[in-house]
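Here are two versions of the same chain, shown separately as structure tokens and labelled structure 1 and structure 2.
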Structure 1
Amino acid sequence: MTAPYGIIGWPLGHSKSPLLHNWGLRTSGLPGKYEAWPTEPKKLKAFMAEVRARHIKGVSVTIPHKQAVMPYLDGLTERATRVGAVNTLFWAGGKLLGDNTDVAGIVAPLAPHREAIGSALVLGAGGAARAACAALQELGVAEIAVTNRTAAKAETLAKDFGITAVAWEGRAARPWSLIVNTTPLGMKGEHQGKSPWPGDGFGHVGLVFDLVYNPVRTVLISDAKNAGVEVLSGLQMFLQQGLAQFEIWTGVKLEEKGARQLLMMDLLATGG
């Protein structure tokens, strides 16, 4: 662990965070390097000890550590407390703190569609799902529900946010203005080619937001487009949350257009 910035998760083969943040460091003329640190759950405690020992400046946190990492921190921002999950670790006043930029990453792409979103169903019940629920509440969506293959997890999340839990088997049984996929289904790797939504279930869906960004065109996105449903790519969310992370760590606002072009060119070149 020689770099002052990096990302932890398991697995990490799909992550474009090193590409984005190393580009940001170079274009900003800042020292340092951002690396990928694949971290199995059983090694999380040891990793966090290394973060403190080496005073790692900034850490991105992804599946499955967004909640598991919280007990190892000295505190949380108000936003991370509200969400109950973190995706960003940073130092302030000598303390290692957790923040959540996923909320901003979800709010920004959805804001232009706000008036058309009367109901929303969140697929999944992990850290990203918690951020999605917080974002939807921030946007003032009247009806929010969550569904997960493990019903108990959906029920816990629903209770925490004061929303409704829907059975996974019945998730497509009623109309939804918006569905937000926060599961890894469709992600490059072992989950690629899978979808969290039945292919014939788009008849009463108004908008699909897939937080998976690699590949850009997931099975869920393809099925929705084929059904004539408007879609939002997870690349938009990834870009916004990443720009917010970089500013937390460095105080520098990266140029959004250049960052988006960088990511799109890489994803196209690598078949994403």
Structure 2
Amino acid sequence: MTAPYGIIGWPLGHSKSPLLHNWGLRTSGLPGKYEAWPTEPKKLKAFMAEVRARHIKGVSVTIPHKQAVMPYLDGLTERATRVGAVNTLFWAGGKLLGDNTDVAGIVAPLAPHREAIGSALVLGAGGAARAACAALQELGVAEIAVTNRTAAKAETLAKDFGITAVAWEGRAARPWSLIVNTTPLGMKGEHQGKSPWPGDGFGHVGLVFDLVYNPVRTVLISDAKNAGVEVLSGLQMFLQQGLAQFEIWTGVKLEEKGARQLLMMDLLATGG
């Protein structure tokens, strides 16, 4: 482990983070390299000891470590505290801290649509759903609800954020100005070709944000577009959470257009 930046997760096959951050380091003329560090849960403690011993400059954290890393840190940002999960490790004043840039990744694409979002339904109740709820609350959305295959998890999340839980079976029964997919349905692999929303259920939906980004055009995105509904892709979230991480670690704001092109070209080349 010689690089000063990298990502931990298990497994790590699909991550585009090395592509984005190495491009960022190169184009900014900064030293260092960003690596992929597949880390089994039982090796997390040893990994965190290395982060301190080697003073690793920046770490992205993904499934299944987003909550498990928290006891190893010296503190959390306000956003990470609100979400209850961490996707970014960084150093400040000699302390190893955790942040959650997934929230910024959701806020940024939604901000231009803010005025049109009176009600929002979050599909799923895992880590990304928690980031989505924090983002929607930051944006001041008046009515926020969550729905999940496993109702008990939706109810816990609803309680934590002071929002409403809706039955999974009844999710499309009423109008929503925004739906946010935080389930893996549609993602490359076993979930590709599936959708968390009925294909004929877009009559009363104003905007669809699919957090899945590989492929970029999921069934949910296609169905929504075919129904004339505006869409936001998970690629926009991935891009924004990555740009926010890079800025935390280096102080450099990367050029958004170039970064988007880089990711789009890679996804197209790899069948996304």
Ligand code: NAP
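For the two forms, the rigid core is made up of the largest set of C-alpha atoms that agree within 1.5 Å on superposition. In this text, all values refer to a predicted model and were calculated from it rather than measured experimentally. Residue positions are counted from 1 along structure 1's sequence.
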(request) Kindly point out the structure, among the two, that is the form predicted on its own. (result) 1
(message) Just want to know which of D210, F238, M48, A154 is the hinge point between the rigid parts that rotate between structures 1 and 2.
(response) F238
(request) Please state how many degrees the smaller rigid part turns against the larger between structures 1 and 2. (result) 14
(request) Once both forms sit on the same core, give the Cα displacement of G94 between structures 1 and 2 in angstrom. (result) 4.9
